[in-house]
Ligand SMILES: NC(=O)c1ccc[n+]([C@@H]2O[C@H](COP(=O)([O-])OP(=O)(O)OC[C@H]3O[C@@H](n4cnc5c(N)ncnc54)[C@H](OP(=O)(O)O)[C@@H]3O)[C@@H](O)[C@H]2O)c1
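Below, in structure tokens: the form predicted on its own, a single chain.
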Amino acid sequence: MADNRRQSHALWPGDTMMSPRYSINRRGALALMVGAGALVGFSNQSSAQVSSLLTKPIPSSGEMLPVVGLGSWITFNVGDDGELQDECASVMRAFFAAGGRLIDSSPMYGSAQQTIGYGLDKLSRPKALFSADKVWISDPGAGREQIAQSQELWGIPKFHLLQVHNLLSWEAHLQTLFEMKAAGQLNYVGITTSEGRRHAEIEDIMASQPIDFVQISYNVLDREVEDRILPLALERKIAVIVNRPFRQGDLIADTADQPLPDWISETGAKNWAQLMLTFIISHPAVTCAIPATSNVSHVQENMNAATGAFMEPALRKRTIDYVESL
């Protein structure tokens, strides 16, 4: 079963994640192909049993990404606890061993960036890494300094992707990111939101700015983005990263005692977490989902969702109906 801990809601400017109360206890608990581009296997040469992963292209470049990545919200905010840092490093090791690439973080996530840097160093800097971080600061002139600090914490020369987190001072920060991309200091530029906030503004930016990525919340119950944002992403050729695929664990906890549908074998999924991830990554606009966990078995199960089959539209509709009926 994937990570089923109920996690705190996202913080916003003025909040803080540095309080110890946010370091959670790790011992306690597509066939929709139209407009999506070709979906091909990702060769994995590690010792993991997974031999290939489903991938999708980043529309602006054609670079292929595995459809399941790794988030770090809350789960990697472990401070200087060496044992917990080692647990997170083990999660990263399992993620890369399974063929994973994209790891996502933010300055907002407490010590998560430091934890990622610790793990990357312990794993000898895996070449497969696709580094995705964010700029999250109200001062329009402080973006570059924050980005430099984030790079130092990760221990990398540059990020593959930088995103304006929750649209904070987005006009100035987008300009900074576009300048960095033009100078070869960055590969991709994006924006983010979570929990359904500011969708109208997200749409306006997607329609007017040459961004490469948008990150939104999307899962089998929270589907508002299907109406306008996901179709717009296809139209504008913008890659989509999905956060909160399990409602920060609530969906897994709420379905844990419920029977799996009898048609689950048609999707290749073997449990609720894999079924819910398969539902998400089967949407033609979605490039990558980023479940967060600090549990090795959970990250392995999450990655296995990228080794099955994409759901056809009829199966996606059955999944919605079944989960809504529970």
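Just so we're clear, the structure is a prediction, and the values are computed from it rather than from any experiment. In this text, residue numbers run from 1 along the sequence as written.
The next section is about a form of this same protein that is not shown, the form predicted in complex with the named molecule.
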query: Residue (of 119, 249, 143, 99) lying close to the named molecule in the predicted bound form, criterion heavy atoms within 4.5 Å; finding: 249
query: Heavy atom distance at most 4.5 Å to the named molecule in the predicted bound form, all of 71, 109 and 273; finding: yes
query: Distance check, residue 90 to the named molecule in the predicted bound form, heavy atom within 4.5 Å; finding: no
query: The named molecule contact at residue 278 in the predicted bound form, heavy atom, 4.5 Å; finding: no
query: Residue 176 within 4.5 Å of the named molecule in the predicted bound form, heavy atoms; finding: no
query: 4.5 Å heavy atom contact, residue 212 and the named molecule in the predicted bound form; finding: no
query: In the predicted bound form, segment of 148 to 156, 189 to 197, 224 to 232, 202 to 210 with a heavy atom within 4.5 Å of the named molecule; finding: 189 to 197
query: Residues in 208 to 245 with any heavy atom within 4.5 Å of the named molecule in the predicted bound form; finding: 215, 243, 244, 245
